[in-house]
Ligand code: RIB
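Given as structure tokens, the chain that follows is alone and in the form predicted on its own.
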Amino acid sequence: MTTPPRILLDCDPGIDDAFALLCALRFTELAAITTVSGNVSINNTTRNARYLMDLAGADVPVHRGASAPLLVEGVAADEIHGSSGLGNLATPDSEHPESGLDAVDAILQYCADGDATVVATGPLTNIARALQKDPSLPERISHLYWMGGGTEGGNVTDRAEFNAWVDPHALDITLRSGISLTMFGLNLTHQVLMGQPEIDALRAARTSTSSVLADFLEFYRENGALHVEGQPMHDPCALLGLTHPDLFETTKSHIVTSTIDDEDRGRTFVHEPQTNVEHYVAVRADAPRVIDLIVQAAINPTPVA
């Protein structure tokens, strides 16, 4: 078995982040979790990450991050994820401790030795703040796998995806920084739909994680479904794009975004590749195999031996 990649996961749990977290536990060496406001408030995203570590029996430090975007007012997606961020589950208590080190310093510490891999599944506020604190950071990040953006319209406006729209200035700073980045946008994630068959499979497995994740997925499908087949499973795609690259097709492109607060706010534009820009766009997924991996991780997030 190939040694799993060591990662830091920056996230805003969130139901699909919950699935991504369990994928990270199963398929990577998860060194740290940093939280950001996005799907719900920073209090809830941080508490939810801690709860999910309890649920999975994992000992991974959780670092609290930005409570608001850089320059615009924060907006949540609790109508999709529930008031707690985890469906009908009340804001959960957790015995898993919160780290005393904040997210920005955790990112800088994690990347200190260079060749660092980061997966981000929420607004990029923490990444941008780390770049502002240390502009040399791109030299120590080998690649950033980001769920956000898209090439074919949006889900918070007609033109912009949620993570990009919530903090367009953070996205702009990240895209301009020189970090090598792959964007897993809506054009890709809408190929990976989970619904009733996956709910049934999770319930049939009867594990401590699968039963809870089945409840999350049922809420997600009922409150956010865009397709008859189920709900796009956005965030795990960025994680699995790292661990199982053979299941994804990417193209090299130059990605930019709009920070102007008009109808184009947060829209991601894809241009011809440039020699000095290492941006990639995921365009196609082997959806059945990706879904199978997500279900495997939700049933048993124990690292693969």
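One-based numbering along the sequence shown. Being a predicted model, the structure only gives us computed values, none of them experimental.
Just so it is clear, the following notes concern the form predicted together with ligand RIB, a form of the same protein that is not shown.
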**Request:** State the residue from A76, L131, C111, L186 whose non-hydrogen atoms include one within 4.5 Å of ligand RIB in the predicted complex.
**Result:** L186
**Item:** Partner-facing stretch of 192-200, 210-218, 229-237, 89-97, counted where any non-hydrogen atom is within 4.5 angstroms of ligand RIB in the predicted complex
**Value:** 229-237
**Message:** Taking ligand RIB as it sits in the predicted complex, is T121 in contact with it (heavy atom to heavy atom, 4.5 Å or less)?
**Reply:** yes
**Asked** With a 4.5 Å heavy atom cut-off, would you call N39 a contact of ligand RIB in the predicted complex?
**Response** yes
**Message:** Considering non-hydrogen atoms and a 4.5 Å limit, does ligand RIB approach S84 in the predicted complex?
**Reply:** no
**Message:** Is it the case that F162, even though its partner is missing from this view, gets within 4.5 Å of ligand RIB in the predicted complex, heavy atoms only?
**Reply:** yes
**Item:** Within 4.5 Å of ligand RIB in the predicted complex: residues from 12-26 (heavy atom criterion)
**Value:** D12, D16, D17
